[in-house]
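To begin, one chain is listed below as structure tokens, in the form predicted alone.
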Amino acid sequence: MINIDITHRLGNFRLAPKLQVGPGITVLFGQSGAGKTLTLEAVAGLLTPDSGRIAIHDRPVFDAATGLNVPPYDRRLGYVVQSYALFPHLTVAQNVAYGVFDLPRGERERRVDSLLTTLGIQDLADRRPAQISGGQAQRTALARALVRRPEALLLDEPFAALDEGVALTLRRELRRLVRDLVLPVLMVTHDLTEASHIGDRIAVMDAGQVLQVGDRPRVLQRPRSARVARLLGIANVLDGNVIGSENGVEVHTPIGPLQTARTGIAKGSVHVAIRADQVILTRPDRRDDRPNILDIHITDEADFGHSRTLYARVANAPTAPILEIHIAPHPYQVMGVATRRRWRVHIPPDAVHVMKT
């Protein structure tokens, strides 16, 4: 467990993350400049906060109140930076062994050999960084971080420089490795797809603060605020007003009144988030008694290979925001979406996520 509750000011920027990192992979997600790497540096001991406390498995490593500031090499952490920082004049095995130079030679060699085998780079032991690929360099950096048998692992954009295919393989390997080692991992990324694929938990960070943290599905499906929803790539974020209804809770929005499955919402101003993949395209010539049926006109679209994104105006709401809809290639072709522009959509009530303003 890593406990972080610190503040630090750099010019006009105020870093103030509050976060608990348990077993598994916690992804610190946010845009560039959010303070993610600064948070990692503070945990590693490379940045001294102005105030607050950091503890690893209940062992304080920084406490401004008592003046405690444990040096980086005594914090028992593994740290992989984005550039990997391998020594160009050392071999793969020597780079890994550098992390445990103080161990007896026999023990050092056993640890290095074991990790090289675990990470599938034992055949590269005698090569230098210039002679290996980016994925192999990443494995080497990870082995060097783990060779000291750290109590926790810090990863700063570890897959950012890799091709997507290599990154996908290494994400799976990292998840397997973390399960086997039962390590708390704090990983920084600005890539939402990567955060969604690898994180057990996601912490959304912006302007130096952690805005929401929780299990991956809950954070992605139930953002706490409009700010978080937009950071998570939810395009359909609307202003709304909750009113009473015979059928439960109804929210008036610029695209029309929408029923939500959520109960116990106080009347008044809210924000509404609707994921584009939860907006269901349906034919306009069929009778449909389901709630939240809207007539739309498709104004534009984009083909991303694995899915199509449709951009639509809602009928009778010419000034409302454009509605974004994701549809898989097969239903797009079967329904003949390309041949007509006027459709209907169904937004299931449980897809209408209501947030406080």
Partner chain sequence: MIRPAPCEVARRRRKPITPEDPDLTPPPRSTARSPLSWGQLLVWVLAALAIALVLAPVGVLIARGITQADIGAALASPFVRGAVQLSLVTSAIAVAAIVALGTPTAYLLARRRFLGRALVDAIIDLPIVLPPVVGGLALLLLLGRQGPVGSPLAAAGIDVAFTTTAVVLAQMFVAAPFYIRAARAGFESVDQRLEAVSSTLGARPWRTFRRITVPLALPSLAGGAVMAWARALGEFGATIMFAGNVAGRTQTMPLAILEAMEADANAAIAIAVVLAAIALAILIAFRGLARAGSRAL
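Positions refer to the first chain, counted from 1. None of the values given here were measured: they were computed from a predicted structure.
Quick note: we don't show the form predicted in complex with the partner chain, though the next part is all about it.
J.: Even though the partner isn't displayed, in the predicted complex is Asp180 close enough to the partner chain, meaning a heavy atom within 4.5 Å?
T.: It does not: once the partner chain is placed as it appears in the predicted complex, Asp180 has no heavy atom within 4.5 Å of it.
J.: So in the predicted complex, is the partner chain close enough to Gly120 to count as touching (4.5 Å, heavy atoms)?
T.: No, Gly120 stays farther than 4.5 Å from the partner chain in the predicted complex.
J.: Taking heavy atoms and a 4.5 Å cut-off, does Arg262 contact the partner chain in the predicted complex?
T.: Contact check for Arg262: no, nothing within 4.5 Å of the partner chain in the predicted complex.
J.: Indicate whether the partner chain has at least one heavy atom within 4.5 Å of a heavy atom of Gly233 in the predicted complex.
T.: Residue-level check for Gly233: no, no contact with the partner chain.
J.: Go through Gln209, Ser133, Ser114, Ser83 and name the one with a heavy atom inside 4.5 Å of the partner chain in the predicted complex.
T.: Looking at the other structure, the residue within range turns out to be Ser83.
J.: Given that the partner chain is left out here, which of Arg286, His89, Arg105, Lys267 has a heavy atom within 4.5 Å of it in the predicted complex?
T.: In short, His89.
J.: Within 4.5 Å of the partner chain in the predicted complex, counting heavy atoms only, one of 97 to 105, 201 to 209, 234 to 242, 217 to 225 shows up; tell me which.
T.: Contact-bearing stretch, as computed: 97 to 105.
J.: In the predicted complex, does every one of Arg313, Pro318 and Trp343 come within 4.5 Å of the partner chain, counting any heavy atom?
T.: The answer is no: none of the three residues contacts the partner (heavy atom, 4.5 Å cut-off).
J.: Using a 4.5 Å cut-off on heavy atoms, what residues in 33 to 53 are near the partner chain in the predicted complex?
T.: Leu38, Glu41, Ala44, Leu46 sit within 4.5 Å of the partner.
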